[in-house]
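Coming up is one lone chain in structure tokens, specifically the form predicted alone.
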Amino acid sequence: MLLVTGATGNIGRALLGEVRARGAGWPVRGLTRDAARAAFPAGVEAVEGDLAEPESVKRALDGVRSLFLLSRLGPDAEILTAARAAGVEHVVLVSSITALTHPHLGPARENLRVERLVKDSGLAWTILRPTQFASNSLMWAEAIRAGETVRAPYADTGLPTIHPADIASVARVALTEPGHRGRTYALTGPKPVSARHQVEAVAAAVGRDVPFAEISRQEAYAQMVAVFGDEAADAVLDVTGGDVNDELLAVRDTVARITGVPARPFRQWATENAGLFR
């Protein structure tokens, strides 16, 4: 039995579909706060629980041998302890490429802390370190639907943005096929794509012009600090253009190498999700 946490999210939902389609008969269970509203693929068992309350997850862990874990949604040490007590053998953790590229930043330090917890848990492990998600562009959806100008800093800094379904594809392989335990995988999309080009791709997908304007770091920080807090706002601005480095900008072939299928371009994500911007 395989348990997917974050099962209604961008990665989790895609992973459930991947396992059902290509998981070689693995039974799969999705963790959700509301099983009645989960709408999982046919054959997926919905189990209610909340990572913020590890006691609620114990029932979902019954009979599970492999766990897909999104970090920092609850007390990770307690969740891993409960997993080991339940007989889980292998955990696939979603961390962040910033653990490699910007380990000095607060959010990256937190991801490294959870990676260490996983490695010290007594479970076999695989760690995924994806770069910026294509779905992060949903932060512009409200403005685009309203016909307003999208405003973003570092307009022409291109990061190798990854489709969440590619993270799911790598996770499915790591969870259901041999040879991936004890490995850490940095994951990227197939090429760099800037904020300006992302907006252009969304505009093409929705079939109308979307105005775009570059703003300063100071302007962006003023908008972000109320949502993310001081440290996280600065960290996001550093890794989206203010303090990039070769490791962050590098395009990696990990998705194709692990799954046998090329990583999906941002324009594909934009086309698949055009309805969210209309």
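Remember, it's a predicted structure, so these values are computed and weren't measured experimentally. When you see a residue number, it is the position in the sequence shown, counting from 1.
Below, we refer to the form predicted together with a small molecule, which is not included among the displayed structures.
- The shortest heavy atom separation between residue 136 and the small molecule in the predicted bound form is within 4.5 Å.
- Although the partner is absent from this view, residue 84 stays clear of the small molecule in the predicted bound form, with no non-hydrogen atom inside 4.5 angstroms.
- At least one heavy atom of residue 72 is located within 4.5 Å of the small molecule in the predicted bound form.
- Contact between residue 241 and the small molecule in the predicted bound form is not found at the 4.5 Å heavy atom cutoff.
- 95 is the sole member of 95, 169, 188, 198 with a non-hydrogen atom lying within 4.5 angstroms of the small molecule in the predicted bound form.
- Exactly one of the stretches 188-196, 175-183, 125-133, 139-147 approaches the small molecule in the predicted bound form with heavy atoms within 4.5 Å, and it is 125-133.
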